[in-house]
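Here are two versions of the same chain, shown separately as C-alpha cells and labelled structure 1 and structure 2.
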Structure 1
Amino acid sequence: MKKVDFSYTWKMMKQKKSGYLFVAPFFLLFLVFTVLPVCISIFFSFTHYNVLELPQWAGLDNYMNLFLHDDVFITAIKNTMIFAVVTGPVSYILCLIFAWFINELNRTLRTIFTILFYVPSISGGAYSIFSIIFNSDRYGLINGLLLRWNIITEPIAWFQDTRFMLTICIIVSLWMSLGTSFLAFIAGLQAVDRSLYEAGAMDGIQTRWHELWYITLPAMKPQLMFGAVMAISSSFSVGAVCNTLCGFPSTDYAAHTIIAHLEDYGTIRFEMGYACAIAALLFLLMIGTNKLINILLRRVGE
C-alpha cells in the first residue's frame, strides 16, 4: 500500500492556503449541514428514539423490524424500485435526447424550447393539469372520453383505484423530470469543442450517431455524471407526487414510497430511530446505484 507523505501534503496546503480559505466556508457548511446529519442519522438508526426521551440502544432491531415485520415498508420498497427503474433511466434518456435536438436549433428557438421544457419541473401546474385530466367524475378528460366512446359505463376513480395510481404518478413524474439535468445537458452540449467533430470526420466518423457516441458524450461526461446523480436522487426520493395526487396514505398503500414511509414515522409518529433506519437504507440504496451508474458511464465512447 502506498504511504501518504503528510509532511509534503501539509507543505502543499500551506502554499495554497488562500485557495483553502476560499473553500473553507462551503466545506464547513457542507460538514455541518450534510455530513454531520448523515452520521447522526446513522447512529440514531441503531436506537429507539422518540425525540422527547434519551435514545436507547437497540442494535439491529429497527432494521430487523423493517424487513421482517413491516409489510408496508416492503410495499414501499417495491413501489420505489418501480419508480426508480422506470423514471430514472427514461427521464435521463429523455433529457439527453431533448437537449441534443434542441441544441441543434438556432439561438432564439433554443432559448424558447429550453424554457418550455424546463418550466414543468419548477411549477406546481402539473398537479392541477393531471388532476383535471384524471378527474374521478364524468367531467374529467379521460373519463369523459371513455364514457363517450362507451369503453366504460361509469367514471373511474383514477387516484383511488389501485390498478392505476402508481402508473399515473409515474407519468406525472416523467412530465416533471425535465429539470436540472436537462439544463446541464444543454450546457454540456454547448461546451463541446467544435474542432473535435472536424478531427472525428478526418478519422472516419461519418454519421451523427457515431459523433454522439464517440465525441459528444465523452466530451460531456461531467454533465452526464451530474445528470445521473440528479436522476437517481429524484427517482428514489419520490414522494410528493404520490402524496399530492393519491393522498397520504394512498389506498392500500398502492402508491406508498420509501420517502412517504420515512415521513410517516419521522414527522407523524416521531419514531425517529425507526425513521433514521429507513433513511440509512435509502442512502445506501442510492449510493449503490450511483456506483453502478459510474461504472456504466466509464464505458461511454468505448
Structure 2
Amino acid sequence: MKKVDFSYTWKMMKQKKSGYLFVAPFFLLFLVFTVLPVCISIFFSFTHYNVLELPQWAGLDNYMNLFLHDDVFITAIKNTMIFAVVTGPVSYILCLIFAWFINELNRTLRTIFTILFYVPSISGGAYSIFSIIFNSDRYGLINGLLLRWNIITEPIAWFQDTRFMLTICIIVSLWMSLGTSFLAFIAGLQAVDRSLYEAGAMDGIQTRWHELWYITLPAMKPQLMFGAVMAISSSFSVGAVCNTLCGFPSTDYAAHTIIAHLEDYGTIRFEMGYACAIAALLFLLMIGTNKLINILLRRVGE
C-alpha cells in the first residue's frame, strides 16, 4: 500500500516539477534565514546558554523554572492574555469595519481615509507622543482637562498607577493597530466580484449587514484568515509600547508582558536558553489561538 502511495507521489512530483522551480529561490532563503534560526532557538530552549560560552544541555530545566519559580512570568502571561483578548478581537473588528466603510466611499475620499487610518501604524516610535498626552502632572493634556471639569481633584500618574497602565497601553496599541490586516482587508474588499452583489440583490438581500455576512465576508475569507494570524501575532507580541510608556520594569510589573520578559532575559541578562524557552511557549500559545480562530472563521456566512 505504502509503495503505491509513494510511486503516485513521485509521479505527481515529476509532473509538477515546475512548481519546485518557482518555489526554490524563496524556499532556500526561507530555510536558511527563518526555519534554521527558529530550530536553533528551540534547541537553545533546552540548554543553558549565556551567548559567550557554548550551550550546556539542560533538559526541561528552563521550562520547569518558568512555571515553578518565576512569579513574574506568571504575571507576564496574565497581562499578555488580558492584552491579547482585548486588542486582538477589537483591532480585528475595527480593521474590518473601517475597511468595509471606507470601501463604500468614492475614490478620493477612500484614499484620504485609508491614509489617515493607516499612518499611525507606520509612525514608528511616534506613540511616545502619548507620554506627553497622559503626562502625570497637572499640565498633561488629559489631567488638565479632567481637573478643569472637576472630575478629579489631583493629577493622576497614569503610567505608574496600576489601575490605568494596562488600559492606556491597550488604547495606544489600538491606535496603531490599523496596519497590515487593515490593508489586506481593503485590498480584499476590492477583489470581491461585483456581480455577486447584483445576484444577491436579486435573491432578496435587504440590508448592508446581510450583504456583509452572506456575500462580502465569505468572498474574502482568505483575507480574513490572514488578518486573524496578523492580529494574533501582533497582540501577543506586545512589549515595546508598554516598555516605552510605563517604563521597564513597570510598577508592580502591571504592564509586564511575555515579550518584555523575554527581552529582559535575552538582551539584558543574557540567559538565552531561558529566553528561548519563553519564545517557544509564546509560540505554542499563538498556535493554539490560531487553531481556535480558524474553527470560528469557518462558520462565517453560514
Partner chain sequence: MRKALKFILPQKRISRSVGGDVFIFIFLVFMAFLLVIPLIYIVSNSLKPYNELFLFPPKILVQNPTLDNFGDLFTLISNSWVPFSRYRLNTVCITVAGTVGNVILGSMAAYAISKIRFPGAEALFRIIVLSLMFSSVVTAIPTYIIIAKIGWIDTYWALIVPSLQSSLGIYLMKQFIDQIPDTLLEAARIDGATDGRIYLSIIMPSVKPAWLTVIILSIQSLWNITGSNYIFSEQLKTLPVAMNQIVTGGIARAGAAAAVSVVMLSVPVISFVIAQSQVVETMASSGMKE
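Basically, rigid core = biggest C-alpha set you can superpose within 1.5 Å across the two forms. Note that this is a predicted model, so its numbers are computed, not measured. Residue numbering: structure 1 sequence, from 1.
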property	result
Which of the two shown is the form predicted in complex with its partner chain	2
C-alpha of Val23 moved at least 2 Å between structures 1 and 2 on rigid core	yes
Core fit, then Ile152 C-alpha moves 2 Å or more between structures 1 and 2	yes
Cα displacement of Lys14 between structures 1 and 2, core-superposed (Å)	4.7
